[in-house]
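Presented below, as structure tokens, is a lone chain in the form predicted on its own.
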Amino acid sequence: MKGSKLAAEALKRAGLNVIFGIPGLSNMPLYDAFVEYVTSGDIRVILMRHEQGAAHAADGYARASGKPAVCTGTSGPGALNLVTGLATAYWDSSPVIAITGQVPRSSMGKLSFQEADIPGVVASITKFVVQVRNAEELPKWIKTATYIATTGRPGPVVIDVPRDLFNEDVDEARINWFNGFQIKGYREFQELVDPIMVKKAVELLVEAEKPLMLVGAGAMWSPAVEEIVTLSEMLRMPIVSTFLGKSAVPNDYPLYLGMMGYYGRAEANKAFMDSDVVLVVGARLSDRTIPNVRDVLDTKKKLILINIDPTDIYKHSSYLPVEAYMVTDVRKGLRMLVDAIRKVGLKKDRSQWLKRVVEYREYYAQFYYRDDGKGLKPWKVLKTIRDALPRDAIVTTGVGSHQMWTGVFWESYLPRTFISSGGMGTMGFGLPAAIGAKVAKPDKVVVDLDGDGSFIMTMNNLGTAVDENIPIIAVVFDNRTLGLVRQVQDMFFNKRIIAVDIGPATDFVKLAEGFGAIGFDAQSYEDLEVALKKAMKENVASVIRVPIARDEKALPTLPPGGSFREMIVYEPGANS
């Protein structure tokens, strides 16, 4: 059996039956082996238009399904084009597996055609990387990759395969399909739940005057929706989320205040500032969630952390007031707290605390939902889209102002239905991620909420959606500028606007039609609703252009490095 056939069979046995990628010289033998598997329906091969799109598509597939997904590229530029997508998956803890072709072993280290040290390049942006040295080890490393990518904190894994291994003959009698996981160089995080810590966490939560729960992406991966809501109701404890934690709790749950952080909802940030005890559930507390640590230290709040990754806990404990922690899966940790608190009972009247956070929500609503009748407003565009889509629709986003608008205004109701690039902030993520999500969940409506600048970066993958009959819908917020960059230049660089405005050259409707998709130009909220319904009915790849004024700001925001005390909730001089 050829090494290429061995790899294809191993992918099939591991359940990795969708491959997003582009063939080239060094991974061509693998694609040749796919022919029979594609013909039999065991493997689906999807040709993306750029390897970055392949990595994002695999990422979207993984986040929508909760299962690992595969992308591939040839040696040199093909593999290097995966790098941005791998970094995106690493920062957001997504189980992407990349199989990269490599030059033959005899050509390594000789500056050979399309040679690149892929293990060296990706070592710091992946959970694990291996360069296979013997063809008979291919099943071992493919099976191992699925294990590493999904255990503990999920993350991307790279398998770099020299081309000659694909062409090597392997004695079938020597093939070990590998069922064990003692892997040199990889060790799982050990669970650490100290009963004394659990007791202390329970005491802090029960005695708190103003407790708050902050849920992150780990709560979505777990998932722990039932446990989150149960604990919130038991303690009458409001909930805020990180950007990627939005879909960890139904956004219409009465005690959910929204996303907090640099571009978070003002009421969520205010509740965080006022709280005395914060239960942090599956969140890594990045500088986008807590931009200024003084907001924690000066308010003398106490933190309780539940995280499957102990490195996050130990890191935060070095500079934040962490009073108790649990190194375990979020769902398991929350169940321990729920069981313990049931025995203790609620001791505090939290009616005044809940009244205060409700007042915050009502107060700040006057600044969010403004409409001067001049053009389409982002909040109202998102409400129109939300009302037109089924409750279980999956939404992806690009990166920019539109992403911050979705963070504040989009309502996500179910886990794995809000997919975006958080830690890396990768423009171009939305469209290919939507393709991957739709392949993972073909029965769900999948919509890419994108910005013009972000969409342009990976729009070539629209051709994949059409050719492969993947009926995603892209709604492009077209303000003819790199909006978030322009906003920072406008507000914090003395209005010195440079290199951000996009000219009239790109017609998104014609672009869509040029790729064979349907294009719509929504000049009103009614146009948008009609376009969405038609796109869903036609069930083909579609692009809906929505014109947005260039000076529309993504608010609330903070000054660079600012505190929640400095929130900018509305633009001075804006009409109410």
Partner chain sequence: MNQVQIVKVLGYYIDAGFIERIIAGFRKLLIDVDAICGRRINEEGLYELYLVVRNHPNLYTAVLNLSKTPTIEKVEVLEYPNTPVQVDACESSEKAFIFCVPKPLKIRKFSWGVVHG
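Computed from a predicted model, the values in this text were never measured in an experiment. Residue numbers count along the first chain shown, from 1.
Separately, the form predicted together with its partner chain exists; it is not shown, and the next lines address it.
- Think of it this way: in the model of the complex, its partner chain has a heavy atom of just one of Gly185, Gly345, Pro195, Pro504 within 4.5 Å, and the residue is Gly185.
- This chain is displayed alone, yet in the model of the complex one of Lys444, Arg153, Arg386, Lys301 has a heavy atom within 4.5 Å of its partner chain; that residue is Arg153.
- None of 490-498, 350-358, 121-129, 72-80 except one has non-hydrogen atoms within 4.5 angstroms of its partner chain in the model of the complex; the exception is 121-129.
- Interface membership of Ser106, defined by any non-hydrogen atom within 4.5 Å of its partner chain in the model of the complex, is ruled out.
- Shown alone here, Ser112 lies farther than 4.5 Å from its partner chain in the model of the complex, counting heavy atoms only.
- In the model of the complex, Pro223 stays away from its partner chain, with no heavy atom inside 4.5 Å.
- In the model of the complex, Trp141 approaches its partner chain with a heavy atom inside 4.5 Å.
- In the model of the complex, Asp309, Pro310, Thr311 are the residues of 299-313 with at least one heavy atom within 4.5 Å of its partner chain, listed from first to last.
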